[in-house]
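One chain follows as structure tokens, the form predicted on its own.
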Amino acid sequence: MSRIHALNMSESAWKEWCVASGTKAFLGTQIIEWMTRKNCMDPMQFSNVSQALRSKLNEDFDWNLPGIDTVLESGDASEKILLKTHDNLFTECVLMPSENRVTLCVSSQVGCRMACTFCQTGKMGLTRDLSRGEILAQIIIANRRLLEKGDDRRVTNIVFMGMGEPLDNFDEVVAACSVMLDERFFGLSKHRVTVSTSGLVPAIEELGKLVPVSLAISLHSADEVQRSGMMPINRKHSLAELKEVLLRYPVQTRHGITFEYVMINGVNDSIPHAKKLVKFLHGLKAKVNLIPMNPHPGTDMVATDPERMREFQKYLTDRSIPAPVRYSRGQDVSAACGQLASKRREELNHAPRTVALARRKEWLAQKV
């Protein structure tokens, strides 16, 4: 029988295990502290635990982190880390150190079922959800990478903007967020953990009740017909439904809810599009991140012309809607928004379906 992974255990489950093992319940909390605060996944090094209990921990649980298949370093100092799971699947996270913060873009699934037209990950389809432990492992791996590079800082900001739709893996994402926000464990600020969603309306409402995280909405168009064409989720949950739930969401930051808007040349970047966006945002406390389309193989979509983007931006800011232009980091290693597709360096120019097929063949070969 396979062993449960240590990072998949909740605090209550750890306490129950400790009591059943003949020791004090509070040691369960200390075990989580070793993993999250000290990046330690070797129970034999847990110095405040008895030797006998260390051996039992080592025997009863899986302590292995996902393997690092490839690290691609970008010219802007960000890193795309391609991870191999215990069942030989691939997912990615992106580490983005800057002067006053260290941001980690985490994945919540292997692939994605949302099929947004401008996103490489969506063209891969969904293989499976990541467990809470596989999500949290990305932080531990990133913190270790920082130490290896001589940076004594830790990850300060988490954005669920990697592979997958976070709210399509609701329970595991919420469980992971709870550990991230707990001051005894990763201790991240609620202002610095952001969950991004394409618009799963019922899950947005539940998220606001369960964990105090910042919310980002992948919007990309405020035209009902156009958004349904770009993002199939809109056919299930309309813009009107989305706005209704957002009006009730308990915002965690001074700017309210963040809206991600990929600027695609000749597609969603006209002043009439801006007018519809302003109308949609009326009544919401919001900021709009304008993101120039990040090109990738297999699409003919390109970023909006800079002058046209400035006109779009000005229309929003003239109406008191903050609208910074966000140039994605890691574009040269296929690590930017919409570019994640489990690619190694030699595959950066391959179409996402080609890469997905290669990963599938590798997985089948491992099973033989």
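Start at 1 with the first residue shown and count on from there. Values in this document were obtained by computation on a predicted structure and should not be read as measured data.
Absent from the display: the form predicted together with a small molecule. The rest refers to it.
Considering S198, S78, N169, S221, which brings a non-hydrogen atom within 4.5 Å of the small molecule in the model of the complex?
Of S198, S78, N169, S221, the residue with a heavy atom within 4.5 Å of the small molecule in the model of the complex is S198.
L89, heavy atom within 4.5 angstroms of the small molecule in the model of the complex:
L89 lies outside the contact set for the small molecule.
Partner contact for L130 in the model of the complex: the small molecule, 4.5 angstroms, heavy atom:
Contact with the small molecule, no.
F186 within 4.5 Å of the small molecule in the model of the complex, heavy atoms:
No.
With heavy atoms only and a cut-off of 4.5 Å, decide whether F118 touches the small molecule in the model of the complex.
Yes.
To test your reading of this chain, name the stretch in 234-242, 284-292, 270-278, 80-88 whose heavy atoms come within 4.5 Å of the small molecule in the model of the complex.
Selected stretch: 284-292.
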